Structure formats: structure tokens, C-alpha cells
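Okay, so here's just one chain, in C-alpha cells, the form predicted alone.
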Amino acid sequence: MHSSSAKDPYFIAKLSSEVTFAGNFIEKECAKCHTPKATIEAKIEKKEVIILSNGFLSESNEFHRFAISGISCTLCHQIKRNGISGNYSVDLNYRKPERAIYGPFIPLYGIEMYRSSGYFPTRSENFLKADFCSSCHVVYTPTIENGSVISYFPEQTTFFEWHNSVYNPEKPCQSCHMKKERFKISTKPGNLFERNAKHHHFSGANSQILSILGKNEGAKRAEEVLKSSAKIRIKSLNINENELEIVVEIENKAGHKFPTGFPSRRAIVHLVVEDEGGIVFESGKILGDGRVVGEDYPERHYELIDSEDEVQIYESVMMSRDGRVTFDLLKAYRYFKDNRILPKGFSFLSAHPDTLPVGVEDDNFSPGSDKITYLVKKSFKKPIKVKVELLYQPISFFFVESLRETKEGVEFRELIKKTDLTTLVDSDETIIQ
């Protein structure tokens, strides 16, 4: 997704929708992370930073070739200092061949790289720390009202979530998103030895967009990462004459909230109870367009579910200053709901205030896991099969529907008609004889 940061059709559609509401200025904010090389080159040459409407994405734009390469090697490896919301620092005082390029290794053959690329390799431990990722994975976006910025909204706080977890500092982001292997990091010089280095796949959870872009290997890796990030289990079953109690536990195995990132992402618990006559209870059934049966958006957080119209959905829901739910990022003032499962070791005392849960009053909702009790009041005929699934959607039905009728929004809706936006993360089942 890094190399496709400027090609992501959902990003382009959402940006065009936000621009329709608030104007082009938001493009400068998004460009810092989505078209970073073009942004820097444009600033050096004192040109306009704009993505849409004859901007960076237009083939006729002079910075198009920089923009379309997305988050590239030379961008990340020139960052000298990290800063949230894309406010990282790149040395603009020097041009090639005087400019340094940074990496985690001591450069044994630095002159070879200098001759080939025009950059001189310089060791920096910055790349080994989770702080490096904070530049684009802690994002505050402006809240616009009557054409003016009235506040800033925590669009994503992934690094802050990790920082307040059991994984800090032993397991930085790179541990899960960059797999280590022993290989040669370059083809030159020919006698270069193998090192313990990391593959730069940066796999996350967005397999659907990668599939749309034709990056099938990347989509497969993303799905593997997603499936390793959470587990769901049936913890206990208690049955009497006309009542079945099921306790389900979801464990967060990621180093941050599950799910994390942009608020369109969410996880749904789907539970089905069947006896010999068929389905007697179902909560969380997903329709072909991504809607969830029984969902009353925004669905509240549950500790106990005893109706098929109730469904557990882990998500963050944005709210404008007047208290209305919104899908417009630039209207977002605070969160109406945030019941995403916390990472292990999350401390409420030391947590950044923008990472605290919202709308959750549940003693079973704890760092690293959550438990839900299902109470099914039916007459059963054994055997009884209970199956539970944890499902993930990178883009909810409501976010798709909220896109304005821009050219980019219409094109994206057509694209995803052929795409299943729901992925199975994990499942469990049992039979009562």
C-alpha cells in the first residue's frame, strides 16, 4: 500500500469528496504522506501542492512521476526527524550528490552506492524504532466549520496505541510489518555478503484495495497479517430447557487497537446457532453490499446480546461539533463511539487521551480482549451447532454510500461492486450433542 499511496482508489474518491465540502487546502495535508516526493519537489520549486484537478495525479503535471511512485525508498530513507501528521523532516539544504541517505547498517561499500545513486549512505538507528512510523500513522486532520478551522481531529493514533502497549519498546512496528530474513540487500558489489535484513512489504490489512490494483501477492500477504492480528473463541456454553448462554472472547494480537487506522475500518462478530431444524439464532449476518443485518448505525457496544437485531461491531464513529454522526473527515470534531479492542498492556492511566475508548461501559472490555455473552431463548432440538466468526471490513457500507457524486467517487463505487469488502479473520465452532 505504501507504493500505491497515490493510486489507492478509495483515498482518491474520499479526497475528492472532502475537497467538494471544504476546498483544495486539504490536499496539501494529504499530500505530505500520500504523494510525499512530489510534495517536497513542488515546495523546493515553489510550485502549488495539489493532487486532484490537473494536480499530481494528472500525467501532464510536472511532478506526476514523483507522485505516482507513492511512498518510495528514497523518501523514507532521507527522513532525518520524525513528526506526526506528515511533519517529518528531509534535508532540503543539499541536493544530490551531496545529500545523505540513511539506513540501519554501517555502510561498508558506501562509495559504490554513491557512484550508482548519487547519495552517500549514512547509518541511522531511526529506522529500527516505532517512532519512525509515527510521521504518517498519527494523523490529526482539521475540523472545518463555516470555512474556518475550529479544531483538529485524531483521524488515526496507531503509534500512540502501540506506545501504550506491552509491545513497547521490544516489538516495534517493523517486527510485524517487515519480516526479517537473511539475504543480500543489493546486487552490487558482486561480493556483498548476506545480512539479517527486513523485507519492505509493509503488509497491513487492506487486501481488497491491493486486489483491485492487481497486486495479488501483496493482497495475499495482507490477508495473512490480518488473520494473525486477532482470534475469536467460544469460551463457554451453558444450556437449560429453553435457554442457551454462549460466551465469546475476542483477543487482540496486534500491537495497536483492532482494527486501527482510518475510521472506515471495522470488525464484526457473526454468531450462528443451528439445531436439527436449521438456524434458530443469527447475529451479525453480512449482506452482499457490506451491510449488517439488524445494524442501527452507529450500533452501540454490547456486553450482552439477546436479540438478532443486536450485533457487536468494533469501530470508531466520527461526530461533528453539533453532535451528529458524520462520515466527512473535515466535519469530525470527536468520536461518538470507539470500542476498538485495545492492545495488550494498554494502561488507562498513561494513555494518550485520544486513544481512550468511547461509549464503552463493559467490565469484560479489557486491554487485549473483549467478551460478549449471547443469550438465546429458544426451544432446541439437539444436536446444536454454534459457530462464531470475526469479520473485517476496510471500508464500511456507510462510508461508501457517503461519498459525494464526484467523478472519482462514482468510479470507486463501480470498482467495488466486483469486490467483496468483507474478510474472515478467524472463526470457532462447537456442537452440543
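Keep in mind that this is a model prediction, so the values were computed, not measured. Residue positions are given as counts along the sequence shown, with the first one as 1.
Heads up, the form predicted together with heme C isn't pictured, but that's what we're talking about next.
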For this session: Verify the contact flag for residue 232: yes if a non-hydrogen atom of it lies within 4.5 Å of a non-hydrogen atom of heme C in the predicted complex, no if not.
Result: no
Exercise. Does residue 115 reach heme C in the predicted complex, with heavy atoms at most 4.5 Å apart?
Worked result: no
For this session: Answer for residue 216 alone: is it within 4.5 Å of heme C in the predicted complex, judged on heavy atom distances?
Result: no
Exercise. Would residue 344 show up as a contact with heme C in the predicted complex if we use heavy atoms at 4.5 Å?
Worked result: no
Exercise. Exactly one stretch in 345 to 353, 167 to 175, 268 to 276, 312 to 320 has heavy atoms within 4.5 Å of heme C in the predicted complex; which is it?
Worked result: 167 to 175
Problem set entry | 286, 302 and 396 all contacting heme C in the predicted complex, non-hydrogen atom within 4.5 Å | no
Exercise. Only one of 280, 212, 360, 79 has a non-hydrogen atom within 4.5 angstroms of heme C in the predicted complex; which is it?
Worked result: 79
Problem set entry | Residue among 123, 182, 324, 200 with a heavy atom within 4.5 Å of heme C in the predicted complex | 200
For this session: Any residue of 316 to 352 with a heavy atom within 4.5 Å of heme C in the predicted complex counts; write them all down in order.
Result: 329, 330
